[in-house]
Structure formats: structure tokens, C-alpha cells
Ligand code: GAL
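The chain below stands alone and is given as C-alpha cells, in the form predicted on its own.
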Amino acid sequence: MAKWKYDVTLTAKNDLGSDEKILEIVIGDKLSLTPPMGWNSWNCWGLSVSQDKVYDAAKSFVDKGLADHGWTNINIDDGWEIFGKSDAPKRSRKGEILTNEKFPDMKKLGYDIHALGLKFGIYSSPGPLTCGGYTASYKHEYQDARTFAKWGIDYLKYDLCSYRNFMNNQNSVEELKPPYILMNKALRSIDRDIVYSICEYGNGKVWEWGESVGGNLWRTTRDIWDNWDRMYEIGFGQVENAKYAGPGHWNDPDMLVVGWVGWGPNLHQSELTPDEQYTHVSLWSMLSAPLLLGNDLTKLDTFTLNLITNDEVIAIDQDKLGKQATPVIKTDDIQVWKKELSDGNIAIGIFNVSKENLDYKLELKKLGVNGEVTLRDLWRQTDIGKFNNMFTTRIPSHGVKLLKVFLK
């Protein structure tokens, strides 16, 4: 597998001064060297998604500055196809998949999204129908891959859905692999790079074989929603799969449920408290998880905007080493997770999973840290100071203290 690396020095200057960073450009066959960042239509619009709503999300990425922080993928989920029970033709005479009236010109949508400097994603299933009952790719895999390429697709979420009707055992690796291998072959047959997102809800321990069938990321769980217990179960359950994460192949614990969500036309503010949302974004970043927003981007309040544009937190998720965090301390009230970083330092998340505000004393030696270190609060973007072993902090209920530990 050929791979080339180029280091490019970028310099920015204005009246306040100047700064330099090294941009590493990697050219090769492997896609998604860092976890995808973007937006998916499902957690706000569900099956009520439309071309206008998708473009509005893309425009918001640019108008509200999210694109400047690395948010690039605009992904349509279920609901763009022809409904399976409809009398309308599902495919053209040549077999090309058709879009419903809410998506009058998919190729134009792709062009418009690319014109904003963003990437374009879409959704299908290996079964005859999607989870919402719309036309899917069964027996048209190669043809759909060619159509997706023609539309300018950069990302495909491939959801098991009705293919389950063909299976005897939904946890059988032998039964789960073939439909994903087939679409991977189809994607590799076209002259376009498309990130391949496998969605089969963690069945058959997909993290053990997802990369072998071409997956760049794979869902490790069933769907998330804006509830502490659900988010806790999913996020803090990502332990067994940690060693399978890395550049080009990521564990996906589902989308972020911050901001205005609703799974249909009637939206509501996320029912996660502000502290729970800090925990949500912190934990997903520590997990090297794909960061896919699921909210109405036209209704971004100041809190949500600040939550998703903190470059120091995003940098933890996007660290090129791609190491997934694991817990090093677990009690009934506190969990401390550790993530190794490419610069030789570490990030730690101290999570208060209890119902009470707590004072907590962390012995740094339990993290494998010896000697004096500097701690930086990543949410507040401030250095806390130098510490030899003991660090004491107060953490609100269901909240987090997210730190970078400078070892050098």
C-alpha cells in the first residue's frame, strides 16, 4: 500500500502577531485517518428530511464558523429514496435508484455542498428496504455505488435494516459479513473515494472484523437518544472494543445528541443537562469517536456553539495517533479515563457519574504518571498549574473535568 507524507508549514499573521503550525499531508489508499466530523440528518429530521434542510445544515457549517473547526461532512440519513409501499417507480428503466419529491436534484445538492468546501454523505441498506421502509440497495450494489459517485458522494452509511430478514442469527459473523463485503467491492470498483460507515448496531462484535470488510467506521451500539442513562450506557460501555480503533478504522458509538433534536419535524432542546453535554462531548472525544452532530444547525444557541467549537477538545478526538481512551479508575461515583496522544502527552477525563456534586482527589501515579507535570483544563483552555502527584478538583453531578497532562 503506497503512502506518502508531506509536512507543510502554515503561517498566520495579523496585527496581534503570528503563529506557525505544521500540516501533515498523507496520501495513500487508507481513508479517514482521523475520525469523521460532521452532521447527520437523523437525530433532528428523521424521515422528514429534505434537500432544503440538508443544504441549510451545510450553509450553517460555513455561516456559523463550524467548518473552521473541522466540521466537514454533511450526511443525509434515511428518507431520501422512494417509499417501498408507494406505487411510484423505485428505479429508472436502467435500474438507477430514484429520489423522492423532497430531493429533486441530488447531483445539484452534492455540487452545492462541495462548493461550500464540505463533503457529502448518503445512506442506504444492503436489504430491499431501509429501516424507514424506503428503497435500498439489495441486488443493485454496484449500480448504486456508481450513482453515488455520480452525485459526488464522499461518505456512505450502510444500515443493516431489512437485510436482517434474510438472516437466521443476527450475531452470526458469517451471516453479517457478506453484504458489507459486497458493497465494499462495489465502492472499490468506482473512481471515487467514499468513506464506508458500517451500521449493524454492534452485532457479532463488529469491531473485531469491521476493518476486514472495508469499514472505516462501524456502529458499536443501537441508537442513542438524549437521556443520561442511554448516553451513559453507550459511552461508558466502549471498553472491549478499544484496541480495534485507529487511523482509518473507528468505533462509532452513534451521533451526538446536543442542541435541538427530535427525530422528526417537531424538535426540542436536548434533555441532557449542560454538564451531561460536556460529559457527552468529552467522552466521545476521548474515545476517538466519529463526531457527528444530530441537531438542527439553524438553531445553534451560544452554549451549543461553544460546546462544539472548542479546538482543544476537538484536538483530543482528532489526535493522529488514534488511540481510544480506556478507564484506569472506576468506582460507583467516579470514572477516570486515559488517552495517549501523538505528542507523547496524555489526556484524562475525570467523570462524576453520581447524582451529587463531588470533590475528588486524583493520585497521578494511578495513571502511570511520575514526577512533576503540568495540567491544562481543556474546556476552560487554561493551565491549572504544576503537580507532583495529588490533584484535587470539584466535579458537578454527571459532569467532567477534561485535562491534558503535559509529561515533558
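Numbering starts at 1 and runs along the sequence shown. Since the structure is predicted, the reported quantities are computational estimates derived from the model, not experimental observations.
In what follows, reference is made to the form predicted together with beta-D-galactopyranose, a form of this protein that is not presented.
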Query raised in the report: Thinking of Trp42, Arg219 and Met255 as one candidate spot, does beta-D-galactopyranose come within 4.5 Å of a heavy atom in every one of them in the predicted complex?
Result: yes
Query raised in the report: Just one stretch in 144 to 152, 126 to 134, 322 to 330, 280 to 288 has heavy atoms within 4.5 Å of beta-D-galactopyranose in the predicted complex, so which one is it?
Result: 126 to 134
**Report entry** Contact of Ile308 with beta-D-galactopyranose in the predicted complex (heavy atom, 4.5 Å)
**Finding:** no
Query raised in the report: Is Cys199 one of the residues lying within 4.5 Å of beta-D-galactopyranose in the predicted complex, judged by heavy atom distances?
Result: yes
Requested in this report: Answer yes if any heavy atom of Glu233 is within 4.5 Å of a heavy atom of beta-D-galactopyranose in the predicted complex; otherwise answer no.
Outcome: no
Query raised in the report: Quick one: is Asp226 in contact with beta-D-galactopyranose in the predicted complex, heavy atoms, 4.5 Å cut-off?
Result: no
Query raised in the report: Among Lys157, His140, Lys119, His249, which has at least one heavy atom within 4.5 Å of beta-D-galactopyranose in the predicted complex?
Result: Lys157
**Report entry** Contact residue in the predicted complex, chosen from Glu276, Asp317, Asp78, Asp296 - any heavy atom within 4.5 Å of beta-D-galactopyranose
**Finding:** Asp78
